[in-house]
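Below sits a lone chain in structure tokens, taken as the form predicted alone.
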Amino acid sequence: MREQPEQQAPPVQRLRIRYAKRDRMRFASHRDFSRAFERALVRARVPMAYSSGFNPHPRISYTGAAPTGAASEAEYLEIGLAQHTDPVEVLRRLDASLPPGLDVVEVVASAGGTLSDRLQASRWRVSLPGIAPDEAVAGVRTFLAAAEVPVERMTKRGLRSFDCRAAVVSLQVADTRLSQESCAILEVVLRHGTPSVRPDDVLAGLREVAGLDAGPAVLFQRQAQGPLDEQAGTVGDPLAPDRDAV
């Protein structure tokens, strides 16, 4: 008879971590990041709690990861610890143990509740080199005037068609210049849902309804991720309830 695995004690503390994916690290996949993060936990000597079973693993909950190729200032995860540890010390150790471009921004002790429930929307900045702002403004107007904008994307379950317009809370163009060339900047707030609508889906929708072809040099950056204020159309700070509880 197979010996039963040792039961692990539940975490005594949960920490919520905001981190950024910058520069070349935006091309790191979620799997790449999770491997780097688990190695960093070991190097930083963070006293992790582990799951029970025949293959114990560190208590890490990932949520709302940005697509590969997108930079982000607002990625979140939660870890469970086997002993109480100062969040500021965890931040210092982890940030020193991660490769440049994967940067720990904030660590707070969890006040309870589910972090993923707070990640209701994201605010994105999308740079379109070679696209004039006036051209982008016209495309955005056409997109926003449409009742729905169906697009297709290949997923793990095959080719899926869905309405990307319904997830767009707001979409506007900021008039700016980048490297002496015309470059439209889109600022978009996307409501999270199923299927998850990404900023590249919005670009596909702009191409579909307005003929706006952004080309291959697009830069995506998630600037915020958190609770959605439906009336204001803004994205809040998901760690504020934890910070306020201290």
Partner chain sequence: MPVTPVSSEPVTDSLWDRLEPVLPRVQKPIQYVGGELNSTPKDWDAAEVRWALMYPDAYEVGLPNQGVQILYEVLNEQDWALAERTYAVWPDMEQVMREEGIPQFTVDQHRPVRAFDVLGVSFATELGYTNLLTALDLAGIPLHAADRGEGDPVVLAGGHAAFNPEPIADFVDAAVLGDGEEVVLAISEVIREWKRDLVEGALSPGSGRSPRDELLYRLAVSGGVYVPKFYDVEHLPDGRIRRVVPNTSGVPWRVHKHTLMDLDSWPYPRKPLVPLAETVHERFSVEIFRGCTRGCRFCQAGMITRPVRERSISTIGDMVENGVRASGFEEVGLLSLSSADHSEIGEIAKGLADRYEGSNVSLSLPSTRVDAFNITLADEFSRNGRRSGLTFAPEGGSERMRRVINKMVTEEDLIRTVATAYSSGWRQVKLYFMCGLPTETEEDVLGIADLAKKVIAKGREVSGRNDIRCTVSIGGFVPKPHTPFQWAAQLDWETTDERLQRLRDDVRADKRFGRAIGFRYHDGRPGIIEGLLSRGDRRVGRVIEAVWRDGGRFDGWSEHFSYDRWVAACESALAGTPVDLDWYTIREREYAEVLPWDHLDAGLDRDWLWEDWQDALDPDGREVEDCRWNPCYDCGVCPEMDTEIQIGPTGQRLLPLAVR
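Residue numbers count along the first chain shown, from 1. Because the structure is a prediction, the values reported are computed rather than measured.
The discussion below concerns the form predicted together with its partner chain, not included here.
Residues within 4.5 angstroms of its partner chain in the predicted bound form, judged by any non-hydrogen atom, belong to 22-30 and to none of the other stretches in 59-67, 187-195, 201-209, 22-30. By the 4.5 Å heavy atom rule, the three marked residues R43, Y50 and S97 all count as contacting its partner chain in the predicted bound form. Although the partner is absent here, V173 lies well away from its partner chain in the predicted bound form, with no heavy atom inside 4.5 Å. Its partner chain in the predicted bound form comes within 4.5 Å of no heavy atom belonging to I79.
Contact annotation for L102: at least one heavy atom lies within 4.5 Å of its partner chain in the predicted bound form.
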